[in-house]
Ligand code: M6R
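So this first bit is one chain, no partners, the form predicted alone, shown in structure tokens.
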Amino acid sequence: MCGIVGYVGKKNNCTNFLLEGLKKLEYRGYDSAGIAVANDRNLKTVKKKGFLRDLEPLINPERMKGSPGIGHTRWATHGEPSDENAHPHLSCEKRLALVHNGIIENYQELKQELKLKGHHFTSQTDTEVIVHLIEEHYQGDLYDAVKKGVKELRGSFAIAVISADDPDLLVAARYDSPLVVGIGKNEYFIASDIPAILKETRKVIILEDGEIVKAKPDGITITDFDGNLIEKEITEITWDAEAAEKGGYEDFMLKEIHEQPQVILNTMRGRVKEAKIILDEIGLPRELLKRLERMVIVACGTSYYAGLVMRNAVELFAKIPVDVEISSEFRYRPMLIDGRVLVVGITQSGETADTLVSLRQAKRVGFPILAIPNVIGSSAAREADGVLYTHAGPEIGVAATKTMTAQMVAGFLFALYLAGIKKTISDERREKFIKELLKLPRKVEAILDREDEVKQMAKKYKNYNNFLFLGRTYGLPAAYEGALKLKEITYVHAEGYPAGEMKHGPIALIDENVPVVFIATKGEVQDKIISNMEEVKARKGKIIAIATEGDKKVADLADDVIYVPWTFEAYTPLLAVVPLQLFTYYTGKLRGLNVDQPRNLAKSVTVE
């Protein structure tokens, strides 16, 4: 979720615009920043780890005069936050500068090829490969070099490139990563998001996948990657600045719920190839994983529920027992685990205090550690023996939505990877699960298309003050998470419970004033869930069910049904939590609450 800005036009000093544009993108989160401008047929570049306030003192106004220019705020995905890894990146001859948002899947292969051709790399990023690739094709025509270069890239990218040799040209391209062009009078703006350019213009062109823009002060040309001209509509932006930061959504939470299909793709990107899971990046020896006898997962809050999903997947695929522990409890218990054990810490920020202490204690005893964080270079990542990053990008809303989705996907990937190493399921069966994994983004999109149905349901239940969420086996973590979300966002009392435990206490709460939410998707225990629904119905309880599309048995019992597409049972929590997130969001809005910043909560719990 890096921020990109670019300018070409009549201003002979675009540095102020670049900085102001980047400031408008700070809400996206970042760990370093930089700008580059063309000045007297040279490129002037300044970049720095940290924030824009760290970058600004380094900018010499006279030295950094010029046009065109590009700027960037980086959210690290390859290579830790550092000055060297910050963008813009330069070509060997320092005649080309480039910024990039996205993930290049084949950067390792391209890097090796380019090294053999004499290119010298100065960073650990996937991005630097692109500028060297364009340099390899560059014969004095920047647009042509970009057009040839992008065809060799696999993955997602939005790029903006300038050349010292052509001070009136800015070239940008997009594939699977957002990019907009702002239209001014004899000037053009490039940005990864609309807020960066709203102060300058409200006329924009939204680039689509596979499009390149060639911008000069006297006009722009847009083509596809083969050079075919494309006519584009100009859109007039009517949002105010705050709405623009949220992409037109009313709140960050809703925006982040809608980002989940892309987040799933990003977390799988480069890790699934030809029905194979490739996770050699994590840094744990295959021999260690092959000999594993047990796993212990430590986490807090939503990450703990993602850990439960991962446990079910690992036990199903890799056939080893897995314990999931709440970090704040695990850290105070005797370390009685033994044998060939891998300890896994799941933490969105990588800074969760209780999880960090738990990992350190396990490491002191001698157990190998795998961290699953969302932040490159975080404490958990630095202290672990192996790291499996999620690629959710910054999450602004306090309640975890897209980061949990990314954690579940990471758990599925690791479980299938481990199964491949340990040979615990057949290649044919493993391939089926991998192929289904690749279908999940579209299935989440299908659920989001039913948003209005969920909103109507929230209107019906917004005034209830007690809820039960029930599930079994694979559906249980989704029940836990649904209850937690409702508590966090709406301040309603909600309990997540194993449905089989209903008769051991919670059934006493059930009457017409306590809606019961069942995770009732198709699977081995669905008949048991339906029996629980019958028991609630007999006590005049109101039933909301998450059910598989077309399931009439559940529909006949429930007062309201939210349908999700079919998937393998192991993957059902990922689909089931999405409508529960929407239900929580709209219930909170209808109750007049601040859904992005619920009371008493912090995004990252860095103290005990």
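In this text, all values refer to a predicted model and were calculated from it rather than measured experimentally. Residue positions are given as counts along the sequence shown, with the first one as 1.
Keep in mind that the form predicted in complex with this ligand is missing from the display, and what follows is about it.
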- Task: Find out whether any non-hydrogen atom of S177 is located within 4.5 angstroms of this ligand in the predicted bound form, and reply yes or no.
- Result: no
- Query: Quick one: is T302 in contact with this ligand in the predicted bound form, heavy atoms, 4.5 Å cut-off?
  - Reply: yes
- Message: in the predicted bound form, is there a heavy atom of this ligand that lies within 4.5 Å of any heavy atom of T347, even though the partner is absent here?
- Response: yes
- Task: Although this ligand is absent from this view, report whether V525 comes within 4.5 Å of it in the predicted bound form, heavy atoms only.
- Result: no
- Query: Are all three residues A399, Q407 and E488 in contact with this ligand in the predicted bound form, where contact means a non-hydrogen atom within 4.5 Å?
  - Reply: yes
- Note on the structure: The listed residue (M268, A164, I529, L484) that reaches within 4.5 Å of this ligand in the predicted bound form by any heavy atom is L484
- Could you check which residue among T352, T127, S358, S192 gets a heavy atom within 4.5 Å of this ligand in the predicted bound form? T352
- Assert contact_stretch over 302-310, 97-105, 177-185, 448-456 against this ligand in the predicted bound form, heavy atom within 4.5 Å, equals 302-310
